[in-house]
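Only one chain comes next, encoded as structure tokens, the form predicted alone.
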Amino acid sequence: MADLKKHDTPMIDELKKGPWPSFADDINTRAESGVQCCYDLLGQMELSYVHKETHWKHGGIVGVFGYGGGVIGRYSDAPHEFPSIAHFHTLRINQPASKFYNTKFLRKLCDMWDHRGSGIFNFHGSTGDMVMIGTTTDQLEPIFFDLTHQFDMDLGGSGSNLRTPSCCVGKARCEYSCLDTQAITYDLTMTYQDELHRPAFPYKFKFKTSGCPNDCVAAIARACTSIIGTWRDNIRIDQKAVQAYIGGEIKPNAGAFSDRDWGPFDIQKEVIDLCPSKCMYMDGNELKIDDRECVRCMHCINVMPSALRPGVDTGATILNGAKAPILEGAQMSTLIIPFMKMEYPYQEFKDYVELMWDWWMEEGKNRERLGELIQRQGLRHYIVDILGRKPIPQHVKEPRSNPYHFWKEEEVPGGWKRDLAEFRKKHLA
């Protein structure tokens, strides 16, 4: 332990003082157990906070043999100060569908990562993968061998390829799921292995599958193609259960808000008035729904799950184009196909994917997401000319917002002008 090199990290230490657990605590705990790269990681983070700029080079992809994607290259531009993270690559691991695994598996995986890397994990990355943070180039092939031969696991997607498909728990745990999300994710993963392993796209591409419109994997906010379970017949109503909610015999929201007294349940105020399309009303003691006007928002079902259930003619709504680029700001997916039956072998969906990819790979610019291409060439062109479909009223653009903060010149020391020589001193090639 005596040869471990610690760094002064006053700003990192500030992160440990808040009421909530900090990633700095976790990394520091790991460092104190004798892992030098964690001390160097904290030291380089401190330097980045001082300089207000990253000290990671943009490393691109460091592949293993036969794979163009899967390992994210990380190189420090200050290796003389932080030698144990001179290369500190990140691996995305194709997670089990719906993220089911047991503790025996996790312990074994942790033992392997302690041996071959920093021991730092991220469960789970924004794409859904297990993320192993920090290892050296010479360990990449042994890690890949261990994953594929001992764990029966594959690398996830990185770079301009198909990213690891992900899904919610679906019918495995959720009685409201309209789709077998795990079966769809498994089939897409196996069908598009080549697109996942070998970058050939203009930029990243993501499939995400949610079993119902609650969209527990946030597909509509992040996926190039969102597959969201829905139904096209009527919401099933148990009128006795409706009366039980009104009479206070059943708690609304499955008791999720029972930690304080919210007063008696008011079906008019808490359900009917909040329906976005105003398609619900009380006819005497009966709850009525004009299902032609229902937009499948799930609010009424979430509030009264014992009384209302999705219909039985289930399938998926297909959307395209979610992204969060810095310059344009976040954009939600746009509805393309209101309803598609998703039954094995999912041929109708795969035919749709082929049309979508052919156009994107032909017309997309370098590092242009599908959503940006749709935005650049127009939704009408995409739906009518590329997909050969008739436009419908639901093909509308929702208001967008920009979650990014852009600094003003007066807020940046030295303004926009920089001393190039001074910059190079801190970022050696």
Partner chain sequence: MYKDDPGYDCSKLLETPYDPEFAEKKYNPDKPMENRITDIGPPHYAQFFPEVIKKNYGKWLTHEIIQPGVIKYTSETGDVMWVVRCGTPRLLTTNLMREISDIADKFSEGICRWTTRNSVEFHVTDEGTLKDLIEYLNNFKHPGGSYKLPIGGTGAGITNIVHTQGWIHCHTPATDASGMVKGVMDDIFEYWHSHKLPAKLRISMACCLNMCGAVHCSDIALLGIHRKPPFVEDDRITGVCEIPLAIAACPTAAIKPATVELPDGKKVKSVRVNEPRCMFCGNCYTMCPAMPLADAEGDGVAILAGGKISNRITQPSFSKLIIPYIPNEPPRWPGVCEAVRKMVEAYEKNANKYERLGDWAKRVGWERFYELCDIPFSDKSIDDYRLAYDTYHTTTQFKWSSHTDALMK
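Each form is matched to the other, and the largest set of C-alpha atoms that superpose within 1.5 Å is called the rigid core. As the structure is a prediction and not an experimental result, all values here were calculated from the model. Residue numbers count along the first chain shown, from 1.
FYI, the form predicted together with the partner chain isn't displayed, but the following is about it.
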For this session: May I ask you to check whether Gly311 falls inside a 4.5 Å heavy atom distance of the partner chain in the predicted bound form?
Result: no
Exercise. Is there any non-hydrogen atom of Gln243 lying within 4.5 Å of the partner chain in the predicted bound form?
Worked result: no
Problem set entry | the partner chain contact at Thr230 in the predicted bound form, heavy atom, 4.5 Å | no
For this session: May I ask you to check whether Thr29 falls inside a 4.5 Å heavy atom distance of the partner chain in the predicted bound form?
Result: yes
Seminar exercise, completed: Note: exactly one of Ile289, Ile237, Ile272, Cys216 sits with a heavy atom within 4.5 Å of the partner chain in the predicted bound form, namely Cys216
Problem set entry | Contact set, 37-51 vs the partner chain in the predicted bound form - heavy atom within 4.5 angstroms | Leu41, Met45, Ser48, Tyr49, His51
For this session: Indicate whether Gly388 shows a C-alpha shift of 2 Å or more between this form and the one not shown, with the rigid core used for the fit.
Result: no
Exercise. Superposing on the rigid core, do we see a C-alpha displacement of 2 Å or more at Tyr67 between this form and the one not shown?
Worked result: no
Exercise. Hey, does Gly43 budge by 2 Å or more at the Cα between this form and the one not shown once the core is superposed?
Worked result: yes
